[in-house]
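In the form predicted alone, a lone chain appears below as structure tokens.
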């Protein structure tokens, strides 16, 4: 899989950009704040329909155009090749005026090969893996950062994941609203039955998908990490579901984080029935609190090296190495799932790595179909690597061959 053409309109500082992209490695050079990272952001947005820089789509609309208060359309168009067929993917962010007080509303439209479709039906058609230094938050940030990572990775690899997650979140919102009403003495407790059924059915499917994904990514990441650390560290991914379908031994309330837990044998029906039963057990507590306390929306994922929690005790070097192993594992996992290399996007990564890690990274992505690096210094790359790559200069929102 590779990107053949990229077109941007009113995307951040790019008012208009059209690029034909070659296969292989592309090095985007230039100073800071010239648009290099924005290019990677645009490509990733076409894969995930969300930005790695912000949770608010409105922030990627060109600021000067948005200020005018009139209808503004941000367009991202990718022509890409997959399974020897060419496809066209288009995302439109339409910022339109509403009301009389200069209000604005944002709509998102997605078209695949000219046909408008829901995001969930298009996710996974074009795949990309992004690696930026600030992604260390996946390891050392809040639990929602790790859940977001999981959701983005799964949405690209499991066709129904985004739709099921959306339905789960809707059911969760409705159930929480009912719990709050019940805590205030309004409504009837029997109304919870329908939302317990929906939450357990959808949540069980999400949990099952996460179990499978984490187990496979851990296997792939541990192998890469072993090579990167020359066998001195063992990397583990510890999945801690807020509703754990695996019974705790000897009546324990929880397990030590360094305990290896195998949930791969669990069946969907088993998870769903247990989840629903647990919701019923917690009903009085959740009504009192007015919120749903268990489920995938509260899952946790921890990263351990030699049984040390990297989020709490990892050094900067350990975190960088684990993150690199994780992203390379994600590349391999997506390739396994789709049969196609994802487009690999690396933002100022080389400056964060020592000489050996740089060499390891270049070796791992050597067989990919397309990889884009940003850098302010070409000297961070081996001369023979630069010679084989396509080198482009990015300056003030303009892109041209160096």
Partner chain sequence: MLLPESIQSLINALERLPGIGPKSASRLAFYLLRATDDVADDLALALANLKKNTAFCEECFNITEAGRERCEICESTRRDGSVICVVEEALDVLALERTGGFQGKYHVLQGVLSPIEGIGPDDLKIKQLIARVARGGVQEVILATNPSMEGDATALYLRQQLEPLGVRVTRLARGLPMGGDLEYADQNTLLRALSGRQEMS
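Computed from a predicted model, the values in this text were never measured in an experiment. Positions refer to the first chain, counted from 1.
This next part talks about the form predicted together with the partner chain, which is not shown.
Engineer: How about residue 191: is it within 4.5 Å of the partner chain in the predicted bound form, going by heavy atoms?
Structural biologist: Although the partner chain is absent here, residue 191 would touch it in the predicted bound form, with heavy atoms inside 4.5 Å.
Engineer: Taking the partner chain as it sits in the predicted bound form, is residue 302 near enough to touch it, meaning that at least one heavy atom pair lies within 4.5 angstroms?
Structural biologist: No - in the predicted bound form, heavy atoms of residue 302 and the partner chain never come within 4.5 Å of each other.
Engineer: Indicate whether residue 323 is a 4.5 Å heavy atom neighbour of the partner chain in the predicted bound form.
Structural biologist: Residue 323: no, not in contact with the partner chain in the predicted bound form.
Engineer: My question is simply whether residue 239 lines the interface with the partner chain in the predicted bound form - judged by any non-hydrogen atom within 4.5 Å.
Structural biologist: Close contact is absent here: in the predicted bound form, residue 239 is far from the partner chain, nothing within 4.5 Å, heavy atoms only.
Engineer: Which pick from 76, 328, 152, 202 sits with a heavy atom within 4.5 Å of the partner chain in the predicted bound form?
Structural biologist: Among 76, 328, 152, 202, a heavy atom within 4.5 Å of the partner chain in the predicted bound form occurs only for 202.
Engineer: Which of these residues, 97, 133, 212, 231, gets a heavy atom within 4.5 Å of the partner chain in the predicted bound form?
Structural biologist: Contact check passes for 97.
Engineer: Among 289-297, 260-268, 170-178, 221-229, which stretch sits within 4.5 Å of the partner chain in the predicted bound form, heavy atoms only?
Structural biologist: After filtering at 4.5 Å, what remains is 170-178.
Engineer: Which residues in 106-123 have a heavy atom within 4.5 Å of the partner chain in the predicted bound form?
Structural biologist: Counting only heavy atoms within 4.5 Å of the partner chain in the predicted bound form, the contacting residues of 106-123 are 120, 121.
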